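Taking the form predicted on its own, here's one chain by itself in structure tokens.
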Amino acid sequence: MPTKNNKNSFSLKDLADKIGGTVDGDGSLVINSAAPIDIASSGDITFIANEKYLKHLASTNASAVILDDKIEASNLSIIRHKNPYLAFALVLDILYPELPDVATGIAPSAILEDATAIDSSARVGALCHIRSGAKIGKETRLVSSVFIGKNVEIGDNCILYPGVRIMDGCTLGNNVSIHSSTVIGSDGFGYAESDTGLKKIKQIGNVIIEDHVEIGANCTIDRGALGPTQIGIGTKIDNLVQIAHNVQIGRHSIIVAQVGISGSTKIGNGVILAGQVGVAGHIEIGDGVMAGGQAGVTKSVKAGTKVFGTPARELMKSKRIEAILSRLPDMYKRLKKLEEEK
């Protein structure tokens, strides 16, 4: 995590130039750290991307703030940017460059089986176990206690945090980040009924993670029963997410914490599944769909639709139903009174 011990210092103008913003105020101010607007101090830069934080603008002790063109702040120097949230993210990258978290080379305690191919620029931390046939690309880092199964292929510039498990035959593209204790390629959940009980169906597929995917901590992405389970380019997955066998997720989707996606479901590009959404199996969710928190998606959803509730319905329909439900006690009293008057 970034701390004030691994920061760089820049003038406000330098920061603005690097992120495509403009300065309103003293561009020579030295900025060496970032902080939330309500606790920022001298030398910090902060931002506002949500109106509820405007109340802190007059009292903040920050040296500078990132704002859009609509908000005024005469007490502060400003970086103007059309997207303050994105601008702040870019500033964080500049102020807090990522430090190497794994020593160069391969740790003496790492276990490397025969026929592994590890690029000379890769870093393998303590107690990692890399099985036969695995390939690891340029500048990729395995922090510690990472397990890499047989014939796994990992691309360039990936980072796998402590305790990650990549099971046999799975593939990771370039610039993939996987956080602690996540398991990629665990068995899918498949059983057939028999006279003697449930017969496990062997899961012989794999998982394919494409470029620029980030996966949070304590997630499980199951291997396909036959073909792959696949996560598309740029998709971001939060902590504590379960993705079942043969799920296909498109490009640049966002899967928030505690989502569960059942087997063989297809999810399009740019989809957002908010926290605790449950998705049934063997359905299709079109491009750009947004499902509100705790929605239960039991049927296929057309592209561009916003859904909410359980079962998930189109957003405005769901809101109308919720509004009627909130009035049911009063409606019941009125109905009861009418019945008594008969």
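On a predicted model such as this, the values are computed, not experimentally measured, just so you know. Residues carry their position along the shown sequence, with the first being 1.
There is another form of this protein, the form predicted together with a further copy of the same chain, and it is not shown here; the text below is about that form.
Q) Exactly one of Thr116, Asn174, Gln242, Asn269 has a non-hydrogen atom within 4.5 Å of a further copy of the same chain in the predicted bound form; which residue is it? A) Of the listed residues, the single hit is Gln242.
Q: Verify the contact flag for Glu214: yes if a non-hydrogen atom of it lies within 4.5 Å of a non-hydrogen atom of a further copy of the same chain in the predicted bound form, no if not.
A: Within the cut-off, so yes.
Q: Classify Ser9 as contacting or not contacting a further copy of the same chain in the predicted bound form by the rule of any non-hydrogen atom within 4.5 angstroms, answering yes or no.
A: Ser9: no, not in contact with a further copy of the same chain in the predicted bound form.
Q) So, in the predicted bound form, is Ile231 in contact with a further copy of the same chain at a 4.5 angstroms heavy atom limit? A) Contact check for Ile231: no, nothing within 4.5 Å of a further copy of the same chain in the predicted bound form.
Q | Ala73 within 4.5 Å of a further copy of the same chain in the predicted bound form, heavy atoms | A | It does not: once a further copy of the same chain is placed as it appears in the predicted bound form, Ala73 has no heavy atom within 4.5 Å of it.
**Q.** Non-hydrogen atom within 4.5 angstroms of a further copy of the same chain in the predicted bound form for each of Lys13, Gly20 and Leu315
**A.** Zero of three within 4.5 Å in the predicted bound form.
Q | Residues within 4.5 Å of a further copy of the same chain in the predicted bound form, restricted to 218-242 and counted by heavy atom | A | Contacts from 218-242: Asn218, Cys219, Thr220, Asp222, Arg223, Leu226, Gly227, Gly234, Lys236, Ile237, Asp238, Asn239, Leu240, Val241, Gln242.
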